[in-house]
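Listed next as structure tokens is one chain, alone, in the form predicted alone.
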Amino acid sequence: MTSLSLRSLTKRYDTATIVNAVSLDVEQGQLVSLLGPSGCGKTTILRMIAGLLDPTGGQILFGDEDVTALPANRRNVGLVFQSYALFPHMTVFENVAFGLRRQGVKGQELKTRVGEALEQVRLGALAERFPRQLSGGQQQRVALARSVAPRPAILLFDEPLSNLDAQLREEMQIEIKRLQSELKLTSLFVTHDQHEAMSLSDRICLMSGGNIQQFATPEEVYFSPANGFVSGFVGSPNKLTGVLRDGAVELAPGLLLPSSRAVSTGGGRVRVTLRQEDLVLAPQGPGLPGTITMRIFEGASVQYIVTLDKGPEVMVRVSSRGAQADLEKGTAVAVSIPADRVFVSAEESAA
């Protein structure tokens, strides 16, 4: 069952179009991420869904109800912001109870629902503490409990983890995914972080310039990018240019890279995207010859910068426990990649 629908949703400021006739459906209980670079329109979409911005055109539907003209306080949405927005003079209990009290919930029902929300984020024992007595991760959990306690129809996340350090961010990703799955809440998560989108989402809506570039599962976005922008945005790719030559891309004179994803470009130049982790290094053998010019240890992985003979420079990432993890600067290598992992698009369509 469709829980949230956008129909040609548009937002313009004077002559600038920020969101360009966006249409998508979010099924009941799904978590969909709006992913893209700064200025792509993702936060504007979230604010229109929440009722904080008026659309220039289009419709917003919660189920079968058109809420486009409804004020924010009548939309039954939960909001989790980048800033925790907790009341410093209130206890954890009172912060979570705030929205419920505005709904008229009181007495034992209030205590029960606040207690349930705090237990769901594993903060039941901290109900009487104040925000200043909590860590950043605990404060974000309180903000999450406050948003789910009123039992919203739609839960909206506006880059809620960007203020946390890397370890806390990963812990909160798991927390959000667990809670969303248990409560079966329809959720929209705005982020510019690919890892967050990949790990959290049932589907990803990847945007650029106010337009949807691809709306698909994380696996489809990663392994079957819809166009040059998607293949160039997702992951940490090498972005090269070349010319198509009979099912291969010529990166430089005599430097051919086979590709099964080549598109017809009328003989023009093409953009080539090679994911670092898809490239294979070997001391010798078939592939593009080159020389390691830099080795960077990253913990779980090792990144090499390889200068191809008579060609461009590429970055290659391998497991730090793999057979090719200890190659030294100056080592001659052959770089290869499966033909179906060479993403090719017309140069003008890639970003």
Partner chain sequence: MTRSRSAGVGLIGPASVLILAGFLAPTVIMAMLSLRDYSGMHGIGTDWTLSNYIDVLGDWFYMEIVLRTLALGLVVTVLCLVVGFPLALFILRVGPRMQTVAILLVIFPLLCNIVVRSFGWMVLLSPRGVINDALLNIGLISEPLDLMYNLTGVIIGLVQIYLPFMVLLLVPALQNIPADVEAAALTLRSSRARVFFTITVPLASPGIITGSILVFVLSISALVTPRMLGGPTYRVMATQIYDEFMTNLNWPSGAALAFVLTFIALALIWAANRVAAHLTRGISA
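What you see is a predicted model; the values in this text were computed from it and never measured. For the two forms, the rigid core is made up of the largest set of C-alpha atoms that agree within 1.5 Å on superposition. Numbering follows the first chain given and starts at 1.
If you look for the form predicted together with its partner chain, you will not find it shown, but the lines that follow are about it.
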| query | Of the options N211, T217, N76, T241, which one has a non-hydrogen atom that comes within 4.5 Å of its partner chain in the predicted bound form? | reply | N76
| query | Which listed residue (V280, M90, L134, L168) meets the criterion of a heavy atom within 4.5 Å of its partner chain in the predicted bound form? | reply | M90
| query | Among 250-258, 197-205, 146-154, 182-190, which stretch sits within 4.5 Å of its partner chain in the predicted bound form, heavy atoms only? | reply | 146-154
| query | Do heavy atoms from each of R12, L24 and C40 fall within 4.5 Å of its partner chain in the predicted bound form? | reply | no
| is_contact(A72, its partner chain) in the predicted bound form, heavy atom dist at most 4.5 Å | yes
| task | Using the partner position in the predicted bound form, report whether A85 sits within 4.5 Å of its partner chain, counting heavy atoms only. | result | yes
| message | Can you work out whether G124 and its partner chain are in contact in the predicted bound form, taking contact to mean some heavy atom pair no more than 4.5 Å apart? | response | no
| Partner contact for R245 in the predicted bound form: its partner chain, 4.5 angstroms, heavy atom | no
| message | Using a 4.5 Å cut-off on any heavy atom, which residues of 47-70 would contact its partner chain in the predicted bound form? | response | R47, A50, L52
| Cα displacement of P150 between this form and the one not shown reaching 2 Å, rigid core superposed | no
| message | On a rigid core superposition, would F130 pass a 2 Å threshold for CA movement between this form and the one not shown? | response | yes
